[in-house]
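Heads up, the chain below is alone and in the form predicted alone; it's given as structure tokens.
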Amino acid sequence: MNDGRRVLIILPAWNEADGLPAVLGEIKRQLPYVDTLVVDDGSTDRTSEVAAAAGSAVARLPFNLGVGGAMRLGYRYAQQHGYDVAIQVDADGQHDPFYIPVLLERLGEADLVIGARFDGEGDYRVRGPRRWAMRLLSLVLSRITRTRLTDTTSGFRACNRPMIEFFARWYPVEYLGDTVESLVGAARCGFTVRQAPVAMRARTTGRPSASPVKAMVYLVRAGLVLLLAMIRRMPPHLKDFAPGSPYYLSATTGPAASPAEV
């Protein structure tokens, strides 16, 4: 149930023409009350054309910026079009739309909800250095957010209107910025973070880029990203949208208002 809220599903997509029709079709069948936006992240195939033919709104980046750059554009689209909820969903079929109502329900007690793979739902497994990095991130970020988190690198996320306003103005585009740094930034500004258990599926197209060497590189880079996220100064104007601000109170207790109206 969306309880009258306007919900936008954002799908960052890079060369996903083969799988998008099935992914968009599944969302449309299961969730007829949501809108979708495919952010074509500089694809060289027919991603934009296929998404538009499937009935989705499309925003196209001229160059490949990565998930962070694509999601920053997606949040700006959600903010400019007045959506109450934005949900990030992978374009490769790994995220099951069945769990979106679960995220929406949990959003009633949080500003940002993470769909967690390692919380008792499904049998998704990660081993070796990549798993060590995920556990380290979850341990540290659980302390920062003051809640139990088991999957801080999940890209299956839902956020409310104040969080959309926040991310439309500040969203890291660097490596792991869309997951780790965005989560640290939200927590440091006082937003409430929670997780909901989800089962993750195998991707329907493309190949995973995992290997032992890449897993070790991931471990090192994840630690550096976390360190930078902790020491980087947050832009002071973001407090205008954080919990306790007049805008936050207006957006969460009554009809949505623009920041200029409060």
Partner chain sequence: MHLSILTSITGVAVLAYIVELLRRQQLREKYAAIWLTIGLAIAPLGFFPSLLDSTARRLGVASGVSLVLFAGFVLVLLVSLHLSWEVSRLESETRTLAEDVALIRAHLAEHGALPARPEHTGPSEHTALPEHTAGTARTPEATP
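Because the structure is a prediction, the values reported are computed rather than measured. Positions refer to the first chain, counted from 1.
Omitted here: the form predicted in complex with its partner chain. The next part is about that form.
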Stretch in contact, per heavy atom within 4.5 angstroms of its partner chain in the predicted complex, of 97 to 105, 75 to 83, 138 to 146, 181 to 189: 75 to 83
Looking at 232, 46, 28, 221 here, can you tell me which has any non-hydrogen atom within 4.5 angstroms of its partner chain in the predicted complex? 46
Answer key: of 58, 54, 193, 200, within 4.5 Å of its partner chain in the predicted complex (heavy atoms) is 58
So, a 4.5 angstroms cut-off on heavy atom distances: do all three of 129, 132 and 217 pass it with respect to its partner chain in the predicted complex? no
Answer with yes or no whether residue 33 is in contact with its partner chain in the predicted complex, where contact means some heavy atom within 4.5 Å. no
Residue 62 versus its partner chain, in the predicted complex: is there a non-hydrogen atom within 4.5 Å? yes
Heavy atom within 4.5 Å of its partner chain in the predicted complex: which residues of 158 to 181 qualify? 173
